[in-house]
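Given as structure tokens, the chain that follows is alone and in the form predicted on its own.
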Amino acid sequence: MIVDIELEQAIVELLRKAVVELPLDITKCLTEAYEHEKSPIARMQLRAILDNIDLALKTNTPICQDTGIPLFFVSKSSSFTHNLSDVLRKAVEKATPLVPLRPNAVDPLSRTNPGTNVGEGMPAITLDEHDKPYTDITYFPKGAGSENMSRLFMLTPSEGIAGVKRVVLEAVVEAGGKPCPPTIVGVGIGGAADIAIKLAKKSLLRPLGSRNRDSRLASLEVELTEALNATGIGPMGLGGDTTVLGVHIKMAACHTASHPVAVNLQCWAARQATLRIHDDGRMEYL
């Protein structure tokens, strides 16, 4: 059985890995975008992004100066008994000067910054339980450039799929170059207002290049990706063929008189890392 201090140290390393080492599926999609991009300016931007990713690894330096706010998604085994909230807070406090992480978490009214990335409701933890013999802790730092472009639309049921397409296109076009495209577009459909927003964010955890298991949503993801790339916004908003790397959708049942749609954008630096803690005490990074 691992003790809290061992878990805390493992999570500090998890935070370092997340902000320094971009997941391979993201790097692969960015490389493919560079190879297929026709615009010289867009290719220059994508080349700079790829060089940035390589330099971050070589120097063990965060990929972006905005290391985001600390968001955790946890799938917990029934055997996991640690006080996770306490461990995560301590790990974030320790990692902030050590990695380092930019101290982004502030009081929303006074704007006071404690310098620790810890505060009321922060780090934020989304906790689910499962019946598997391990616990997964995914760190998903979210920068302000992309997060500020989040949108929630409360459509009428009669607007249907056409309404979904319209508002997703509207959200990405209005965002332009602000979220540092090429982006990944997370879309949440259904539930209630808060559920749709959570679905949109959770959809961004899915590996790029994977297809939705619901054939209707898989088809919609492909259609929206093509439509958004046809806008010509391009890398960093400077024009080109690559505005988005992909569109991911999650769905939930909703009220018969309601049709919520949420859009949550993720910048090209789509950072995340997962620590798996097996019930027998073994730990591994995924």
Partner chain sequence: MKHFTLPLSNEDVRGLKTGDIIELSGTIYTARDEAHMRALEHDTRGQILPFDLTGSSIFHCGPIMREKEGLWELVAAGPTTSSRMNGLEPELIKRFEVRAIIGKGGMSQPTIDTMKEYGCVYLAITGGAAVLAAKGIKEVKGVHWLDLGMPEAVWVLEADHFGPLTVAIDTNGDSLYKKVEEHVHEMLPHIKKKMGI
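Residue numbers count along the first chain shown, from 1. Keep in mind it's a predicted model, so treat the numbers as computed, not measured.
Keep in mind that the form predicted in complex with the partner chain is missing from the display, and what follows is about it.
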- Item | in the model of the complex, the residue from 100, 121, 209, 157 that sits within 4.5 Å of the partner chain by heavy atoms | 100
- Item | Contact residue in the model of the complex, from 261, 236, 249, 26 (heavy atom within 4.5 Å of the partner chain) | 236
- Task: Name the stretch: of 184 to 192, 132 to 140, 159 to 167, 78 to 86, exactly one has residues whose heavy atoms fall within 4.5 Å of the partner chain in the model of the complex.
- Result: 159 to 167
- Answer yes if any heavy atom of residue 52 is within 4.5 Å of a heavy atom of the partner chain in the model of the complex; otherwise answer no. yes
- Verify the contact flag for residue 48: yes if a non-hydrogen atom of it lies within 4.5 Å of a non-hydrogen atom of the partner chain in the model of the complex, no if not. yes
- Does any heavy atom of residue 213 come within 4.5 Å of a heavy atom of the partner chain in the model of the complex? no
- Hey, in the model of the complex, is residue 30 touching the partner chain, heavy atoms inside 4.5 Å? no
- Query: Which residues, if any, of 117 to 139 lie within 4.5 Å of the partner chain in the model of the complex when only heavy atoms count?
  - Reply: none
